[in-house]
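Alright, two takes on the same chain below, each alone as structure tokens: structure 1 and structure 2.
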Structure 1
């Protein structure tokens, strides 16, 4: 509409900016947690994730031994490299540069690298960014020099948090476990590890997606193309059931599952997800199938095809977009579910799903450990996000088929 008179180009800029602001507002929360999940545990508590790219300066006190001093004219001189000194963590020594230094612990690392700091009794110290240190003094050094030093390590991407949350062991514990002869299987399936719940989530979500789709497809075909008494009423019931709150079903089904001997089990939760997902599935698929061209179906009938053949050979292939969109929906819904799993699955780690594991095990006891929580969140949402970005087209199509006429 840009070419229509009266449209101001100023408004276009505002539109761009407003959209950008909205997108940032929507993306930042997830982005923050993603960056956090890839950061070192110490870094998370020291600086915000928004500073992750800058690297975080950390303060150390470095003790420079006076053993190797040489006399140089009137002055005594120590030449060494800060990173050669014992006592610094090894990963810092390998990657860091000097961000600042000083001569007094009281004043801290207040001098820029490359400049010269002066201390008491005409002591001068120069430290380069790469750690090269020169200290001079008119008197002989008697004690070791104790210097505050601010070291900055470049930001480091680590998958350690993911390894820790999946096995419930940090790097050291994994090393000891390996020495004790534990296999990867043992570690992944330990009681507090997230890997077991991850597999359980899959075991819940895949059948709970396929089963209702098959049942619903047959029913939707019957409701769309077969003539039988009570069809209109059945459709109305399906539409009505779309909005029945799940909560209503919990107490009765606990009792009914008890009678049937299903109890709390994977079978029970598949059936529950099937029942709860069916109204939407039948509704979406029927709406889609009813829109298929009448000619094709009637021609096939004239040619002697049975409804079963028409359904499997003609309608099912033509309905692929609707089937795909419902499949995505149901998969996202069953994967992300917490409520149904809390009711129909036992709470032990052997059969619990990720959402429940995170709420009961991680949020309570490890509420402050963001390196664990962030990684857990991303293990939990990685698969749905992949499905979402790969199949977005079908998801949107399904939404529109169900909601806009």
Structure 2
């Protein structure tokens, strides 16, 4: 009964389970990072991202004045609502409910809403979830009641983390800066803001992706369809360059950059990434182009088309899936690169890319501020995710090219 058409084999089920596991391994951390980046700092410190929809309890110490106490028989009584007391943040007062309370700051909010907590000298306190409070004592209240409260605020989505990491200023600091006449550009391109490194990373990644593709496309066509002496040797050299360690090329490249007067600059890192990416690009594109139907190329030559016309009008459009596949890999590599950027870019703040900024600035001085780190991390992966999802169909077609005749 095995190998009958229409029946799924056990290997198919294993493949689906493995794919599902990989999807979960990728989606869950990414989703957690996104949710964390949209939560406020207090909520992140109180609960995990998987509890974001439940709200996060936050602890406060509420001072209940004794001015409105009344005598009720043998007891003195205070009735009020904790959310009418001054001292709580306005956003908490409007949205929160009571999750717990107590009569001792040492023991904390250890009593559930609706229950009665007992304190010293026969003090009793009852607090409902909506904040209604009743306190009784056989003795007249001489001082205000100081009670620990645990208040749960509903989940709140905020973009303040992204604004803070892009400008290195919180809301109050931005308001103060605007009052002093500081423009938005000044805040975005300050030395400690992430927006400048974000632009620098775009400046590095886009040309470092386009330049090697353009050069490799011409070279691949020549190695695939043009006859000239030494073509086989050139192909062998390209294959050999694939195994050259990246670190081995740093010293000669920096010397050559010095001879050319390029030094450490954006032009230098564009050429470095071009050199590092060209062998793989030429190898992949040449293997793809050599598999194109020979009849199309020969018929075009018979009709009088030049090699440049064949390349631009026939080969290049047919090779778009392979070009897009390599573009995705090259863009992701240059976007996430730290090593080449550290060698071929100046160490000043005006040329810092995001990977270097996060390592040297955020992880060093703000390693405990998870709301900043989560927002910075999602800014770093947002553009690669957009590029990948926009071009994934071409990636699959490019990877499968040549596998089916």
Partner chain sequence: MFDSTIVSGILTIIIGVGGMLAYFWLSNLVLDKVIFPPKGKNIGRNINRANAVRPWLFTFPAIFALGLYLVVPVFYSIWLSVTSGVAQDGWYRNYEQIFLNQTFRVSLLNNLLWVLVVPAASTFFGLIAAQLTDRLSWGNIAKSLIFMPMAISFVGASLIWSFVYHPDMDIGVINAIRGLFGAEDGVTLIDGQVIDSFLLMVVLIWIQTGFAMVILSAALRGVPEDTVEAAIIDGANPFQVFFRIKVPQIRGTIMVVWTTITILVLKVYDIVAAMGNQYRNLEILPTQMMQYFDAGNYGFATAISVVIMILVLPVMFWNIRQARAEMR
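Heads up, when I say rigid core I mean the largest set of C-alphas that superpose within 1.5 Å between the two forms. Positions refer to the first chain, counted from 1. These numbers come from a predicted model, not from an experiment.
Structure 2 is taken from the form predicted alone, while structure 1 is not. Structural comment: of the residues 124, 318, 35, 130, the hinge joining the rigid parts that turn between structure 1 and structure 2 is found at 35. This chain moves as two rigid pieces, and the smaller piece turns through 14° between structure 1 and structure 2. Here the two forms are laid over each other by their core, and the C-alpha of residue 73 is off by 8.2 Å between structure 1 and structure 2.
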